[in-house]
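Next comes just one chain, in C-alpha cells: the form predicted alone.
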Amino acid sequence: MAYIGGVKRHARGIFQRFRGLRPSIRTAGAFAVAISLLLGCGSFIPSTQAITPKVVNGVESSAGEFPFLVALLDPADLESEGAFQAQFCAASLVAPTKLITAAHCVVNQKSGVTDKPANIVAGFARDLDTRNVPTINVSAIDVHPDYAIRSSRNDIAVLTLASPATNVPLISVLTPELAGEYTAPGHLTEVAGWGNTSTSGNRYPPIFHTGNLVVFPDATCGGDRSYVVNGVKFEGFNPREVDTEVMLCAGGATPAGKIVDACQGDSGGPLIASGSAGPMLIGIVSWGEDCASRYPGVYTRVSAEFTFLNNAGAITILTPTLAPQVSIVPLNNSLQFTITPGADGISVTQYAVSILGPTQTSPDTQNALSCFAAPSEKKVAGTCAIDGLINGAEYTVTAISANTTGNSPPSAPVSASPSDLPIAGTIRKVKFSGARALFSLTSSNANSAEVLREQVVCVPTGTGPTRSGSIDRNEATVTKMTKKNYRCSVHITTTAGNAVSAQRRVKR
C-alpha cells in the first residue's frame, strides 16, 4: 500500500488496543480506520450482498463521503505544524453546534479530568494536509456522567461549537426505536478516519479512509463465541471485557481473507449504517485488541446513550412523519392496544389511541374514547386499554405518536370488536426425549371465563393418530409421537367458547 502524507511526529495520545486485563492508564485519542488493507467505499451496500470493498490497497475516500466527519485538533499544534499534525481524534456533526465523540478523547486517562474546551478545535476538511483548514472553536464539553475509564463503559461525549457549522450536512443519531434494525447481527456498516493504515508501523493519511464492516452478534461481542465473515473466523470477547448493553462490535474481511478493522488515529469516529430511515450514526470508535487482529473492534452503542445525548442537546427533535403501528387484543368488554412508532427514526414520547363506538353506559351513541401510553427506557412500544365497551360491537380505531414538537399523522382506521372468547397461548419451544415432547408455552388468556380444558394438540403430517397433552403452568407433555413431522397448536376451551393458536411445525 502506497503511503501518502507523512508520519505524525506526535499525536495527543495513541489509544492502545488491548484485550484481557485493561491497563489502568491509557492515553486519549486515536483509534481509527483501517488495517493491513484499507478500504474506500462511498455508498451503502444492501445487506443481501457480499461484503466487497469498492477500492482496496489504501485508496482514500472520495470527495463528498462522510461530510459530517470532523477532525479534533490541538490548537497549539495547529498553529505551529498544521491540521495534519494537530489531529488527535474524530467526531461526528449531529447538529449545527453539536459533535459526538468518544469520552476518552477528552478525558485525561490518568487523572480522570475533562479537558478544557479551549484545548480543542474542530476541523472541517477531508484533506488535513491542505492550508487553511476551516475550523470552529469548542465552547463546552459534556462527558457521560457514568463514563468509566477502566471498563470503557459509556465512552461518549458531546462537544458544543462556539458557532454553528453552516453548509455542512449532519448525520442522524440512531434512536432506540430503530436499534433492532440497524444493529442486527450481519448488518453492514462503514467506519471512517485519518488513522494509522499500517499494522506494523505508523502511516497516517492526510485524507481520511473508509472501510466496510459488519455488526457482530452479542454472542461474539460479549459471549466468547466465534463469528465468521467472508470465511475469516473472528474470536469473541467475554462478558468481563464487553458490556453489550452499551457496546457493540464490528469488523470485516475482504473476499481474499484480509481483515478490515479500525486502528490508532481516530478514536471518537463514526460507525455508520443505513436502513429504513437512511444513514445513521450507530457507534463511536472506542477500543479493541491490536489492529486487524482476529477480534472485532468495539464501539460505543449510540442507541443506548440516547438519554445522555438528548440531555446534552445532541438530538435534533423532529415531528414524527409516519403514523404508528397498532396491534389490538379483543378482551371482555375491552380493547387492549400495543403501539409502536413509524419507521422514520424519530423519537416519540407519547402515543394516543382513539376509538369511536358505543359504550355500556351509552349503547345507542357513537362515543369518542381515548387512551394514552408512553415508551419506556427499555421498550419503544406503549400499551393501553379502553374498558366499558360492548362485546361484539364494532369500533373504529386510530392512533398517533407525538413528541415535544408535534404529532404524527393518524394511522389508517381499522375495526375491532371486544370479545369474551379466550385467547390461546403460543408454543415457545419444544424438546424431545424419544417419543415424548415437552412443550414450553406462553400463557393463554381465559378472558374472565372459567377454563374447561387447555391442551397442546399435534396432528401428524400425512396419516396417523393425533396426539395431545394437557397444559399445566405453561408446560405440556405429549407422548407417543412416533411420526417425524407434526403440526402442533394450543387449544383452550372456556365457558365462553374456544380458541386455537397458529400451528407450529414440530419435527422429532
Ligand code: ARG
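Residue numbers run from 1 along the displayed sequence. Keep in mind that what you see is a predicted model, and the values were worked out from it rather than measured.
If you look for the form predicted together with arginine, you will not find it shown, but the lines that follow are about it.
Three-residue candidate spot 267, 286 and 297; every residue lies within 4.5 angstroms of arginine in the predicted complex by at least one non-hydrogen atom. Heavy atoms within 4.5 Å of arginine in the predicted complex are found in one stretch of 175-183, 421-429, 228-236, 259-267, which is 259-267.
With the partner omitted here, the residue from 129, 115, 290, 394 that has a non-hydrogen atom within 4.5 angstroms of arginine in the predicted complex is 290.
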